[in-house]
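Taking the form predicted alone, here's one chain by itself in structure tokens.
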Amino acid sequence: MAASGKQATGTVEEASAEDERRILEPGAAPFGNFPHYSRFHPPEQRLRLLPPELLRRLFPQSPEMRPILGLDVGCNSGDLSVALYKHFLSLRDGETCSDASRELHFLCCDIDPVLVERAEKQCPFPDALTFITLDFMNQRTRKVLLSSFLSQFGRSIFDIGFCMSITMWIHLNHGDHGLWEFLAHLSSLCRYLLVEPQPWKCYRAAARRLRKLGFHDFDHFRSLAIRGDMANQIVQILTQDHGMELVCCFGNTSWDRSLLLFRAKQTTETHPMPESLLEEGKERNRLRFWRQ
């Protein structure tokens, strides 16, 4: 997955041979833009932790049937984006829903145009999932593209944002302040955020892969002050600095990454929390779980 850095060039056809080299040498994707990312981390690992009815509980449909708008940052080639879409609409493999785009619409962005082109070609729901090439850390481009999408629906923010294994790449390539700004932007754009932070051991592994291939180390890796328990660090930034509250933790994937759901505090005042979101217990970071 990728969210920021120098953009790649070329077409899907031209990149096929390069893809094979890059998948064998994951360190050669220093912005997280791995080809065939789902081979490393299958979408099913996240889906098994997320209740299919989650979005319907968070956003009961209003009489005017406004669609739920989602923002997927670092969508890679779209496998997880499509899987999330099908999961939340309870669609089986091969099943389509002609009215789906009226209920749920995702804007999916990635910095790698080759991956975005592949996502567009393979997407089974072109009317409901929009894929764009975007360096999310480019403020001017981000504002233009996101505003253009939202204006189609007469909206100013997204209902929910997905940030799945993106935070490390922002952090390594833009430093502590870059991570802080990235989370600030996301929290200002979305009523809810679903975040999957990479643990610190992934930072070390990414740096090690880069060195093994003879590339220069990440510019910020050795100077990062935000380190250690990254899930807790991101909880602290979003809740203490950016006006969000932690709703729940859905648990950990098999590769030991937490799925954390956050909510803008102003949303709490206007939309009461669904009763199904109840505190079940405490983990070491005081995270809460979804009650089935």
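What you see is a predicted model, and the numbers here were worked out from it, not measured in a lab. Start at 1 with the first residue shown and count on from there.
The following text describes the form predicted in complex with a small molecule, which does not appear among the structures shown.
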Ok, 186, 170, 195, 160: which has a heavy atom sitting within 4.5 Å of the small molecule in the predicted bound form? 170
State the residue from 129, 111, 71, 179 whose non-hydrogen atoms include one within 4.5 Å of the small molecule in the predicted bound form. 111
Counting only non-hydrogen atoms, the one stretch of 210-218, 131-139, 117-125, 144-152 within 4.5 angstroms of the small molecule in the predicted bound form is 131-139
Can any non-hydrogen atom of residue 31 be found within 4.5 angstroms of the small molecule in the predicted bound form? yes
When the contact criterion is heavy atoms within 4.5 Å, does residue 46 count as touching the small molecule in the predicted bound form? yes
Taking the shortest heavy atom distance, is residue 107 within 4.5 Å of the small molecule in the predicted bound form? no
Residue 80: touches the small molecule in the predicted bound form, heavy atom cutoff 4.5 angstroms: yes
